[in-house]
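Below sits a lone chain in C-alpha cells, taken as the form predicted alone.
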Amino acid sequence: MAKAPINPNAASEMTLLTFRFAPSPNGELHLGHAYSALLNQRMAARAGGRMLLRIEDIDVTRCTPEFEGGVLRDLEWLGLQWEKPVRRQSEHFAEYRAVLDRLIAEELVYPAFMSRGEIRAFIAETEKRGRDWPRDPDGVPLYPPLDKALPARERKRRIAEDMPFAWRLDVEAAMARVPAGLSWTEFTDETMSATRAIEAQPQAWGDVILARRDIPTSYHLAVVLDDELQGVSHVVRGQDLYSATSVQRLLQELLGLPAPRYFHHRLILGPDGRKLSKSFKDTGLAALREAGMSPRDITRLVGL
C-alpha cells in the first residue's frame, strides 16, 4: 500500500512543470551532457516551466569540488539557466538515511555481505552445473539469494563485527506490496505531444543496492527522493537510463511518491559508435571551448 508523500507540499509545487539536469561531478562534461542539459532547458522553456540543477555527488570519493566547479563553468558557458539554490546530494545524507531506516523497519531491504569474488565463485559453480545465471539489463549477474536466508541473529553478528555489506532491496517482497501493472508514462518525443504507458519490470534488475555501509543511499534511492522533494514533474535523461526507471517506479510506489513523466532521449555517440563516457575520458566541453568552439557550435554538434 502506498504511503503518504514524504513532502506534502510537492503536489502543489508540481502544478508548474519542473525539469532538472542532474550531473555527477566525477569528471568533465562532454557533448552528451551538453545535449541533455540543453534539451531539458528547451523543453522547460517550451512548457513555460522551471529548470533546476542538481549535483549528484553521493560518490564522495570520485566527486570533487574541482570537478563541480568545472561542471558549473561549462553549463554557464553553454547558457544554461537554473533556479537557485542548487541541491547537492552530499548535503542531504540524513534525509536519505531516514527513508532507508523506514525500508529496513518494513523488512524491504536486507544486508548483503557477499564480496565480488564470492559472487563470481557462486555463479561459476552454478553455471558449472549447467544453469545459466541471469543478468540485469546492463549485463551484470544478478545478486545471489543466499543473504536473504540469513537469520536475523547472524546478520546482527556480522554487522557488529564490522563486516563489509550493502543494503539491497528485496525486490520480491517489494513487488508484493505494490499494485499489479506497475508502469510509467513516457513521452514519445521532445515536443511532449504524445505519451505511452511503459510496463515497469524491476525484477529484471534483481536485488539492487539501495545504500552502502558508509553511504546511506544509492543513485536509485536518492534520485526518487530528490525528484519528489524538488517537485520534479518531467524527467528528461538519456536512453541508457531507460531500464533503470523500472526500479525507480517501484521505489516511488513503496514510498508513496508521485511519479514524474519521463522522456529518455537519444545518446550522443562517439566516432566508434559507443556512447560518450567520462570513464573513457572523451573530449570534454572545456577542451572544446579552449579549441575555439562557441556555445552555438556545441548546439549544432548535438543536433539542437
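Position 1 is the first residue in the sequence shown; the rest follow in order. Small disclaimer: the values here were computed from a predicted structure and weren't measured.
Below: the form predicted in complex with a small molecule, not depicted.
Using a 4.5 Å cutoff between non-hydrogen atoms, Ala22 counts as a contact of the small molecule in the predicted bound form.
Although the partner is absent here, Val223 lies within 4.5 Å of the small molecule in the predicted bound form, judged by heavy atoms. For the chain shown alone, Arg50 is not a contact residue for the small molecule in the predicted bound form, no non-hydrogen atom being within 4.5 angstroms. Within this chain, Ala45 is remote from the site of the small molecule in the predicted bound form, having no heavy atom within 4.5 Å. Against the small molecule in the predicted bound form, the set Glu56, Tyr219 and Arg237 is in full contact: each member has a heavy atom within 4.5 Å.
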